[in-house]
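As a starting point, one isolated chain is supplied in structure tokens, in the form predicted on its own.
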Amino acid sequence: MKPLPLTFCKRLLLALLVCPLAFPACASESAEPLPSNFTLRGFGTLGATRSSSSQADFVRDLSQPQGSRGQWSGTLDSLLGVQANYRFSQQVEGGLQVVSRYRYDGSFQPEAHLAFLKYDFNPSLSLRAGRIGPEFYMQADSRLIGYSYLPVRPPTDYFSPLPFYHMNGGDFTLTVPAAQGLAKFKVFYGVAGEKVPTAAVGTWDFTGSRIFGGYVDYLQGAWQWRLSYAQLQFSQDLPVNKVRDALRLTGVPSAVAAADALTVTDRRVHYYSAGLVYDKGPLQAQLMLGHTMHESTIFENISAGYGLVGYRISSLTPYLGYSRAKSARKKLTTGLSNEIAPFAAMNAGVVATMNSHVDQSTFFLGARWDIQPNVAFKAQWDRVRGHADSVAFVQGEAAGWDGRTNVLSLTLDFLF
């Protein structure tokens, strides 16, 4: 099993010593009480995951450079987070959330995921500004708080196209009564500041990429519906300059045009999604659908979705689900003949650069055991089945990757 970094283990051990999970309250009776306008909370996950395939790294999402590759790994889902909120007045509140998780550079370096000021104009309208989480999909803002959702992790087939967790900007939220329920409207704008690892071309920096989006929610009783749209405009190109430069040096117009088509700078990616959640009594059910459309030729457009059903029996909630993701191929012709060795190498480089195909499905089965009001243990089995050329949602695939793996995951999620 791949061990957790020592620094992360020290932080987690400190949290467990300060806020014992055996007790619902963190502070002892003799401790000084916190001011009534200040709250300090934390969350975390201890996880262990094993994929049956040694041909590719199974990862939680594309922000992780490595994952489980035929052996146990403790890095995919393990994390520790702390959030502090301070209410300056009845209308003004500040929040700060720091999270230590497995990052693009292979470290668990703590990072501020939230750092904002919120102003409530009235009970229906509010504004946040600072570092916030972009809500591209339903439940995307709580992906790191394992205790808040039913399965071990948000379904990979659906959430993998979202390898970023925060932006610097702001959002407006309006909540109004509608019919028998509540309608919620949100718009957000900001710039990204994260990086994503890519095995083929190195780290891709999203810093400065502009994000815009919004959604409409409707809540009535046990039901919640959402329609959302978001876009990201890339500020920096993929590090594939060698391929583009080689194509331009040929002087062949079709090759130069192909080089231009491989750029992503100032190109947008559009995210469309619809979600439905039912949660009443022992029954929980979710249905999510999404479509990701890239303006750049280098990435394929992806359609994805998942369904999830769970039924609570006392403190145990067994659940099952199914997810599916499929992308549409894009073709790019350089006009260079494969009969000439240097041109054949350029064509191969173009194919490798555009290798973002996904065509896979996952059946997952698991159970959640709520040990205490703030502690849950989960066990889950994933049956991943994809075509051999489905490589978008794994890292470091080998030449013999057949798109198939079985994944066993165990997690302990907690709040303090």
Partner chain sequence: MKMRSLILVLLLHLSSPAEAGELVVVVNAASGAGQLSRDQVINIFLGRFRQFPSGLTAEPIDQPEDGPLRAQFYRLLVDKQMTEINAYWARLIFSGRTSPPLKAKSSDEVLRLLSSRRGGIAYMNKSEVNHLLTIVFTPNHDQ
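Numbering follows the first chain given and starts at 1. These figures come from a predicted structure and were not determined experimentally.
Keep in mind the form predicted in complex with its partner chain is missing from the figure; the text below concerns it.
This chain lacks the partner; the member of Glu135, Asp237, Glu111, Glu300 within 4.5 angstroms of its partner chain in the predicted complex by a non-hydrogen atom is Glu135. The partner is absent here; in the predicted complex, the one residue of Thr334, Gln83, Ser296, Gln233 having a heavy atom within 4.5 Å of its partner chain is Gln83. Each of Gln97, Leu182 and Gly281 is positioned with at least one heavy atom within 4.5 Å of its partner chain in the predicted complex. Within this chain, Lys118 lines the site of its partner chain in the predicted complex, having a heavy atom no more than 4.5 Å away. Its partner chain in the predicted complex is approached by Leu415, whose closest heavy atom lies within 4.5 angstroms of it.
Interface residue remark: His387 is not counted as part of the site for its partner chain in the predicted complex, having no heavy atom within 4.5 Å. Its partner chain is not drawn, but in the predicted complex it has no heavy atom within 4.5 Å of Arg60.
In plain terms, the part of the chain that comes close to its partner chain in the predicted complex, with a heavy atom within 4.5 Å, is 86-94 out of 300-308, 323-331, 255-263, 86-94. Taking its partner chain as it sits in the predicted complex, the stretch 134-149 comes within 4.5 angstroms of it through a non-hydrogen atom at Glu135, Gln139, Asp141, Ser142, Ile145, Tyr147, Ser148.
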